[in-house]
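Below you will find one chain, with nothing else, as structure tokens; this is the form predicted alone, and questions on how it binds or moves follow later.
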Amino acid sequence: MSTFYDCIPCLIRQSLDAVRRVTPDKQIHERILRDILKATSEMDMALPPAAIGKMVHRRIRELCCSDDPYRESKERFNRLALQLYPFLEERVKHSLDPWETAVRLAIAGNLMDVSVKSNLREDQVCAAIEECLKERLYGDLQRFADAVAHAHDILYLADNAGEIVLDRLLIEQMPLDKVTLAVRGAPVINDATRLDAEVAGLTRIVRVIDNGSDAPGTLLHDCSAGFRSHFNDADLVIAKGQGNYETLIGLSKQIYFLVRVKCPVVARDLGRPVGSLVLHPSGSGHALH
């Protein structure tokens, strides 16, 4: 998906939020702001927002001498999700439709995205999870279940820390021997890395790989050769969150996007309201070369 003009203010807000997390130095704040204003004035708008997001967050880490400005936030949401996990696991087990409940909870976890809402509170997360069990879900759950049942090689692309714990509820409804979970190759915003997959207990039940990239999405040209091989070999890709949607939509590949719509740009692209739960299929299943 291309970058829209409406994406620029969001990128600026994200950048200032990240740099303020790690330093009170206003000179560094100004340098970051000037860097992103220059970069956005020169960027190729045909590229997805993750392309400039990658550059901005690399610059923040460089100037602030911090490998992971969002580490504290990631740990906080991992703890919250792990506290909720036993209760939510029981909700899935005793649900009239465990598959639908697990899908809804996995999408609910997508709310844990501090790039969109930097001051997200834990009570808001808990309330949103309850809402997601009742709200309308846009998408064909049976078609998604059939795609999972018929797939031989499933690649599940994680999105955020905290959210990855709720992903486990859905992954456990799948044939685990067919699932490979992919996380980011290095910290960026509060996106999940291998450490978060370990904390969520996912490394004990499925194969976990990283994509070799620190982009806030899946920019295939920026990913490792090993990840691209896994991506091509998979006959079903499950992609969580807006960053993965923005970078992978339109590919000739069988992909199911699981998204909580958080901005007007993605809402327009999907044709769904802001705040809605979306299970969106894309592509025809052909591998990329």
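The numbering used is simple: start at 1 and walk along the sequence shown. Being a predicted model, the structure only gives us computed values, none of them experimental.
Here the subject shifts to the form predicted in complex with a further copy of the same chain, a form of this protein not shown in this document.
Although the partner is absent here, R21 lies well away from a further copy of the same chain in the predicted bound form, with no heavy atom inside 4.5 Å. Although the partner is absent here, R228 lies well away from a further copy of the same chain in the predicted bound form, with no heavy atom inside 4.5 Å. Residue contact with a further copy of the same chain in the predicted bound form: T40 places a heavy atom within 4.5 Å of it. Proximity of K54 to a further copy of the same chain in the predicted bound form: non-hydrogen atoms within 4.5 Å are absent; the residue sits far from the partner.
This chain lacks the partner; the member of P9, G275, P281, G271 within 4.5 angstroms of a further copy of the same chain in the predicted bound form by a non-hydrogen atom is P9.
None of 232-240, 247-255, 219-227, 40-48 except one has non-hydrogen atoms within 4.5 angstroms of a further copy of the same chain in the predicted bound form; the exception is 40-48. Contacts with a further copy of the same chain in the predicted bound form, taken as any heavy atom within 4.5 Å, map to no residue of 221-249.
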